[in-house]
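This document opens with one chain alone, in structure tokens, the form predicted on its own.
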Amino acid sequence: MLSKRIIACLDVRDGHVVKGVNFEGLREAGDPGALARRYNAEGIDEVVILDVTATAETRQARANTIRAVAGELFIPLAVGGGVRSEADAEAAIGAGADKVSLNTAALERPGLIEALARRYGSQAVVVAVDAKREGARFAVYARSGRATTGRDAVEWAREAAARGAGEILLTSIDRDGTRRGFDCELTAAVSAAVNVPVIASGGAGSFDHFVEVFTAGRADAALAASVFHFAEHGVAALKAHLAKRGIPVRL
């Protein structure tokens, strides 16, 4: 069985790491380079940078942040937020990213998934799906959770994988920043629908939340932000907790 991955997310605004609740009320959480250095030393498996103000930042400012983080890491780095074209992806990878994450651009132009998969390989293309419960279904939202799309999360994840996405980064908007646990029903539904790894995001607050999402949620990886940023939970301790419960992790 493949090892489950623990991923730290750096939500970046104006060059600083921030964190909010339900995609709102952002507060500063530290310097991206310093946090990346700490996570690399602690044994995190991957880091994701999500630029939450990419539309307002210049490409050069974004590239500087990527270079600062990549220079501290010896593990995979994914970059998302504002990747709207092949040129944006080329700039991110040129600055040190191993993968790019598409969200709104993929919804608006699904062919971009295929173009990037052809150019860089599916392993370098992540499609981020931000989902919110609406009755009995999970609805996809775009533009940092502000715009409804009319799409169903399970169906969109299936289409994204078919178009060449190598991973699905699945965020529950309802659980984001709440620390009430991952939405295991959402994660399991998407995991059952696609044949690529699913990264669960939104709601991590305790070690057992990770156990739940790797078992009931069927996730291949779990991403968290604030529980790591504010040094409330150590990566090594989390991995030891998972290993004791029979969940394979890289120690």
Partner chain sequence: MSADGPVVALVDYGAGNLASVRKALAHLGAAVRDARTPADLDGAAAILVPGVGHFQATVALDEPWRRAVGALVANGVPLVGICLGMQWLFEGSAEAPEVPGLGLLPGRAARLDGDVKVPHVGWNALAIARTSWLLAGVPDGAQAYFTHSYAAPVTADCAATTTHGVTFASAVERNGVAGVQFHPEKSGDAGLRILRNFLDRAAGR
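The shown structure was predicted, so the numbers you read here are calculated from the model rather than taken from an experiment. Positions refer to the first chain, counted from 1.
The same protein has a further form, the form predicted together with its partner chain, not shown here; the description that follows concerns it.
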With the distance limit set at 4.5 angstroms and only heavy atoms considered, check whether D45, A97 and V198 all reach its partner chain in the predicted complex.
yes
Note: exactly one of G181, P110, P76, G164 sits with a heavy atom within 4.5 Å of its partner chain in the predicted complex, namely P76
Determine whether any heavy atom of Q123 comes within 4.5 Å of a heavy atom of its partner chain in the predicted complex, and answer yes or no.
yes
Quick one: does T65 come within 4.5 Å of its partner chain in the predicted complex, counting heavy atoms only?
no
Is there a heavy atom of V211 lying 4.5 Å or less from a heavy atom of its partner chain in the predicted complex?
no
Indicate whether I93 is a 4.5 Å heavy atom neighbour of its partner chain in the predicted complex.
yes
Pick from 98 to 106, 170 to 178, 150 to 158, 137 to 145: which stretch has non-hydrogen atoms within 4.5 Å of its partner chain in the predicted complex?
98 to 106
